[in-house]
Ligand code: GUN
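Here you get one chain, nothing else, as structure tokens; it is the form predicted on its own.
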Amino acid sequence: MTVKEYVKQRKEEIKELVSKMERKPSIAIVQVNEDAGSNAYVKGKLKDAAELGVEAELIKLPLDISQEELLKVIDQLNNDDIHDGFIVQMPLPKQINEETIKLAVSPKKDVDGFHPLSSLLPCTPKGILNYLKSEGIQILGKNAVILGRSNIVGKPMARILLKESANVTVLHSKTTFEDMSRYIENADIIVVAIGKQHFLDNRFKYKKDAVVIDVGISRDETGLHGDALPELPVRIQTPVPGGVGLLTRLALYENLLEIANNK
């Protein structure tokens, strides 16, 4: 099943669950940027909410807002009875510390799953894990290679796959090409999230039944591109666009439903 087919199927299931709820789940999206990628992503999240029957409110704040003022908005959302959960869309203006903001969001309302005390998984790794399982990809005892060690994708993805008993290796900018080639050649699951267009290409050898999850996205005059060259000689490769972005958005609403049901 392609990512699009999987997401469509899961959306129908979530829509049915929402329709049976006495009170519709409600989410707030706080945006303090005019980033093109963020605008597209927020538009997609609002579209998803409408499709699923979820209440969604976009709170757009001025770019020159102070950190103190943003923290006040977060405090209000933490304590209101209207929204089950909320997210603060990244990136934030330079006068605001992203880590401070992430930690200010109550773990009880942290739909993104970023807070260290949150019981929810971060959306991108969660979406990837659920898709792997839906495709019947064996994780236990398999070699998983993660390219990139960000706090949003690389590190939580490594923790999640370790919990699933995979043999996990994290590669990064300081890994030699020789070592990288060796790990990739023996990998059953490859998650690439470094933001370098077509970094995974035919320089590397792959297992023919390997799975490549492409998290990276970059843009040039020809359009959007992933971190992996399309049509690598592997069993499954998620596309860009139309791949991990859809899984991340889906996981956001799975997390929201979890919060609403546990109230």
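This is a predicted model, so every value here is computed, not measured. Numbering starts at 1 and runs along the sequence shown.
The same protein has a further form, the form predicted together with ligand GUN, not shown here; the description that follows concerns it.
This chain is displayed alone, yet in the model of the complex one of A144, I87, L121, V192 has a heavy atom within 4.5 Å of ligand GUN; that residue is I87.
Interface residue among K45, K196, H225, K207, judged by heavy atoms within 4.5 Å of ligand GUN in the model of the complex: K45.
Only one listed stretch (175 to 183, 71 to 79, 128 to 136, 110 to 118) carries heavy atoms within 4.5 Å of ligand GUN in the model of the complex, and that stretch is 110 to 118. Put simply, N255 is far from ligand GUN in the model of the complex: not one heavy atom of it is within 4.5 Å. Along 221 to 258, a non-hydrogen atom within 4.5 Å of ligand GUN in the model of the complex is carried only by T248.
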